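The structure tokens that follow cover one protein chain in two forms, given apart as structure 1 and structure 2.
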Structure 1
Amino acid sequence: MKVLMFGWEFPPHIAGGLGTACYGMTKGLAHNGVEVLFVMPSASGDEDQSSVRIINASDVEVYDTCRSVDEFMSKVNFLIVGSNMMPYVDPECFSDLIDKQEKGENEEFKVSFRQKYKFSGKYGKNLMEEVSRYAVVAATIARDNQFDVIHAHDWLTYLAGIAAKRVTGKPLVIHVHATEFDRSGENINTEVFKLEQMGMQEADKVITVSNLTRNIVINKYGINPDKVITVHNAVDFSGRSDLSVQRGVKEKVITFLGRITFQKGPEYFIEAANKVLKMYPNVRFVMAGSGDLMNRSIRRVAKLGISDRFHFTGFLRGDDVRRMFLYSDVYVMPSVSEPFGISPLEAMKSNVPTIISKQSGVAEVLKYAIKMDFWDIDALADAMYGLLAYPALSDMAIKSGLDEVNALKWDNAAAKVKNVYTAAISSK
């Protein structure tokens, strides 16, 4: 079986968790005997191609342009929109990109047919334009390659998937890693919503990363439940170098790690921290990351008068993320809405007991993580206190958590994805 897969990023160049998931999944698919042809907007050449062949969309020459583009335009109700939006991008990266674009450094990206298109492959201002151009190139790639099924990851690539399907008639599987509702709460960007909905409607099968997301796809996008299948993400820790940290603080450390935005629930973490500190002074809290609620969080912590016990690290990169996990005694993810949430797995792999909100997809696969409602500050404080004060509880969480995480293999998840492919092909 051969699959044409459309992604937006691939390690080592990643801005969000999507690239990491794609990487794990392609490796798993390879072990399951599925050949993957991975298309991404802007490959650098240093991606790990051991299990996949990567096509750089920027390198594809669109010959016969006039005819094929016209043909393509007539087949696809082409969406041309010019707004800026950002799905997963971290704020630093986003503002850099905007700066560059404002200085006109991306001039060369102007649409010019009968040429190679250049893609930035990042999330930024001209995103919609890139999404559209990516679809044009996708059609060309689809025509020039042999495969059995098309697989598109997240809304940025849905249009490319649709284009490939229209041109070749092959079945389309789209993979929902997050929906617009997870990214923006109730104030959604309607253009993105429409694109997502169109992708889901055109698709033969829709894969969601959790039942939580599956319900959103069914209820908010109005998709037929029969074609929506949940395949939980897995996690791949192979090939990691050992890392050690010199711990400077004697107290136990409870960590929040992620973007400091509404969806991640930072305020619940702060309020619970304040409660715990009153009962258990021998602890420090760390909020690692950055985001639009960061300044508000800092002010709140100052106001509560706990800032010598509550630290902010700012945005962490690379090894510092793992170092932060090694520094931690408890990891908390109080997300208001989280399609899956890979970081608790990362924490458990680092032997850190974990507290997660019931409103996260990862809660569906974890037994040995403490779960609470994101809004329930008292329950959160209780859980934190329990893991600090009762070694029996944290020991069990550490040991069983590690076993549990080690059992989450991409090979198993990929086998389920393969089943979805088979179903999509046979339903054609």
Structure 2
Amino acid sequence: MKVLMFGWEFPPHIAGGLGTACYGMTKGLAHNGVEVLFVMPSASGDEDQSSVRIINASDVEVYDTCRSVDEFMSKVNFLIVGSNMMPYVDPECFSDLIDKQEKGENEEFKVSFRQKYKFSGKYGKNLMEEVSRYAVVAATIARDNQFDVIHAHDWLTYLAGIAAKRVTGKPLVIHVHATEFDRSGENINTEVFKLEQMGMQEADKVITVSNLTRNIVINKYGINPDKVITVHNAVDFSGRSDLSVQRGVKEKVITFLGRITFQKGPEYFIEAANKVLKMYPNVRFVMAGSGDLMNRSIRRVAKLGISDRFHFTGFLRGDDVRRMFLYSDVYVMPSVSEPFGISPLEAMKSNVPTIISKQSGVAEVLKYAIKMDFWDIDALADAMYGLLAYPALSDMAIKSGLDEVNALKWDNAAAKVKNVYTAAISSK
């Protein structure tokens, strides 16, 4: 079986958990006898291709002449959405882009015969333009390759997946790693919602990373439950060298690691930390990440008078993430809405007792992480304090958590995905 897979990022060049999940999934599929052609907007050449063949969309010559986005979309019969579909853009950049749009300063979208488009592969101001051009290139790639099924990861690649399906007639599987409701709560960007819904409707099968996400897909997007299948993520620690660290502080360390955005619940972490310090002053807190709530979080920490106990590291990746876990005595993920959440698995693998919100997909597969409602600051503070003050509780969480996470393997998840492929192919 061969799959044409569309992604946006792939290790070592990643901006979050999506690239890590794609890497683990492709390795697992290879072990299950599935050949993967993995398309990404901009490949650097240093990606691990032991389990996949990377196709760099920036190196593909486009055969069609498309003078506008609308012209291409009319050819493959799907709906174009507005260029403000950019949830990863910071507010200042977003505002600048809208101003340019209102002044009519955006360049016309053009792709000419045998032209190559150099994608940035980033989440910047031209994101929607790149998403649209990626779909144009996807149609060319689909016509030039043999495969059995198409697999598109997250909303950035749904247009590409639809384009590939329309020009080849092959079945489309889309993978929902997050929805606009996870990113924005109830104040959703309707353009993003429409694009996500279109991808789900066009797909022959929809894979969700948790039952939590499955329920959102069915109830919020109106998708037939019969074609929505949950496949939980896993974690891969193979090929990692051992690291050692020397701590520069004597105090215990409690870590928050993730985007500092509404979805991840950083404000609840700060309020709970303030309560913990009143009971257990011999502790430091780390917020590792970046995002639109970072400045507000820094101001809140200062207002509470706990700045000397808080550290903001900025965005971490690769070995720096692993080192952060080795520095930590407790890991906390208080997400308001988390489709899955791989970081708790990484923390538990690193022998760090873990606290997660009940509003996370990973809570469905973990028994030995402490679970609380994201909004229950008192419960979160009590859980932190308990792991700090009672070594027996911490030791039990470490030992049982390690055994549990070792059982969550990408090979098993990939076997379920392969079954979804088979079902999608047989339904055509």
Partner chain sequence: MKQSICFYFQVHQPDRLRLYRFFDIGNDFHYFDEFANRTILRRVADKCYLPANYILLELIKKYGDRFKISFSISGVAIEQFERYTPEVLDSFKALAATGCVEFLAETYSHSLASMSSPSEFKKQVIQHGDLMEKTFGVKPTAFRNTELIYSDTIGAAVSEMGYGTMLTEGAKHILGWKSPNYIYTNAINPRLKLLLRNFNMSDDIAFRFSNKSWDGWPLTADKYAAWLVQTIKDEDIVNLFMDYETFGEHQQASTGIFDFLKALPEAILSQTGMEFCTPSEAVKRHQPVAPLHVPFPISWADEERDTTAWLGNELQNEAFNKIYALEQDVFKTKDDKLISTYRKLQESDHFYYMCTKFFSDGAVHSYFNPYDTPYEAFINYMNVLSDFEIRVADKLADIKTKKVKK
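This is a predicted model, so every value here is computed, not measured. Residue numbering: sequential along structure 1, first residue numbered 1. Just so we're on the same page, rigid core means the largest C-alpha set that superposes within 1.5 Å between forms.
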So which is it, 1 or 2, that shows the form predicted in complex with its partner chain?
1
Is there a C-alpha shift of 2 Å or more at residue 224 between structures 1 and 2 once the rigid core is superposed?
no
Quick check on residue 336: with the core superposed, does its CA move 2 angstroms or more between structures 1 and 2?
no
Per-residue C-alpha change between structures 1 and 2, residue 274, threshold 2 Å, rigid core fit
yes
What is the magnitude, in angstrom, of the C-alpha shift at residue 320 between structures 1 and 2 when the rigid core serves as the superposition reference?
2.8
